[in-house]
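A single chain, nothing else alongside it, follows as structure tokens in the form predicted on its own.
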Amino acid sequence: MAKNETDLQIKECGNIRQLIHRLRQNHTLSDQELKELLVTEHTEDLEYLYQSARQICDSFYGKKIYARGLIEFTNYCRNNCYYCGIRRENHKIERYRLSMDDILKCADEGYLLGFRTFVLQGGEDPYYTKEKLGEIVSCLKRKYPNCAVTLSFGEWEPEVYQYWYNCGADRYLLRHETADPLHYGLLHPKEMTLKNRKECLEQLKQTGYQVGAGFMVGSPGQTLDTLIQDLRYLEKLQPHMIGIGPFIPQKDTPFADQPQGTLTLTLRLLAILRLMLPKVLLPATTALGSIHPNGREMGILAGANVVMPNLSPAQARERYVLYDHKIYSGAESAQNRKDLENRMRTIGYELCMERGDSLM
């Protein structure tokens, strides 16, 4: 079909489809145009948005959905973020730390199951010093040199990030949570600043990590304007990975009575991010699967291409309560790989156990 005929068809489909088409062609939309995509209620337009995102993802990554083995190694945290169930002042949860042997056992099991990326995630726990966590990373890389090690461990000094990188860490996940300083202040205590969070992300990129940022969808105080700031920030940062998921309240936090983020808005943002950053690695997060039985699959059909089944010991999974009703069994459990494979196959995709490095 000739280009002018295609453009004519797009024009006849309405303004929203024109916007989606322009995103597909790597055009930058105005803030108002992005807002139109975020608020449209037309089912056909949303289906076209998700289909477009899926097609773009397939053009770079094919039908592969990359699986990461998640190891939640500590639920202690020095921070007091208002939304988080493992915040410092939550005295109602049972705390735990995994030893190096515990972590290596998780990795051993994961390797036998086929995982080639391990994600070490924890609260900012000073018990794991620069050297202690570095030794864990080094041991993992020595034992499994063909695997990627991802850290998700918060804000630290540049020399600490460099040390862990030298030990063999490949990737680092640090969600910025919001790109609006005022909104950031609503979600975090005064000692935490958006400025420092952004500086950490820049330092991680300069160090050489594959870097992941991201935000909660529907967090208290979030508006369309703050969401636009998030999209603009990610467009500028050009991270290798973006993790977004719906805000889900936790009963022992100051935000216990706040409404959770919606499935629909999360899916729209996944699709928009896929179109804005076509080569990015984009997880269908645990939070998405926690608010809808098929949330993970719906995320993939909206442009996501990563899942993170849990390798943590059963008792640890129960205690890593970032939010209420977090799923950690069934397809969310790494041991139920077959279930997850079947779910991916049902929607036309293949669970891929490779390292799956970003194409960014």
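Residue numbers here begin at 1 and follow the sequence given. Nothing here was measured: the structure is a model prediction, and the numbers come from that model.
What follows is about the form predicted in complex with a small molecule, which we do not show.
Chemist: For the chain shown here without its partner, which stretch in 102 to 110, 134 to 142, 163 to 171, 77 to 85 has non-hydrogen atoms within 4.5 angstroms of the small molecule in the predicted complex?
Modeler: Going by heavy atoms within 4.5 Å, the stretch is 77 to 85.
Chemist: Contact check in the predicted complex: R197, P246 and L322 versus the small molecule, with a cutoff of 4.5 Å between any heavy atoms. Do all three pass?
Modeler: Yes, the whole candidate spot contacts the small molecule.
Chemist: In the predicted complex, does M216 come within 4.5 Å of the small molecule, counting heavy atoms only?
Modeler: Yes, M216 sits close enough to the small molecule in the predicted complex that at least one of its heavy atoms falls within 4.5 Å.
Chemist: I'd like to know whether D230 contacts the small molecule in the predicted complex, with contact meaning heavy atoms within 4.5 angstroms.
Modeler: D230: no contact with the small molecule in the predicted complex.
Chemist: Could you tell me if G122 has a non-hydrogen atom within 4.5 Å of the small molecule in the predicted complex?
Modeler: Residue-level check for G122: yes, a contact with the small molecule.
Chemist: Heavy atoms within 4.5 Å of the small molecule in the predicted complex: does G154 have any?
Modeler: Taking the distances in the predicted complex, the answer for G154 is yes, it comes within 4.5 Å of the small molecule.
Chemist: Can you work out which of K205, K279, R175, R116 has a heavy atom no more than 4.5 Å from the small molecule in the predicted complex?
Modeler: Only one option qualifies, and that one is R175.
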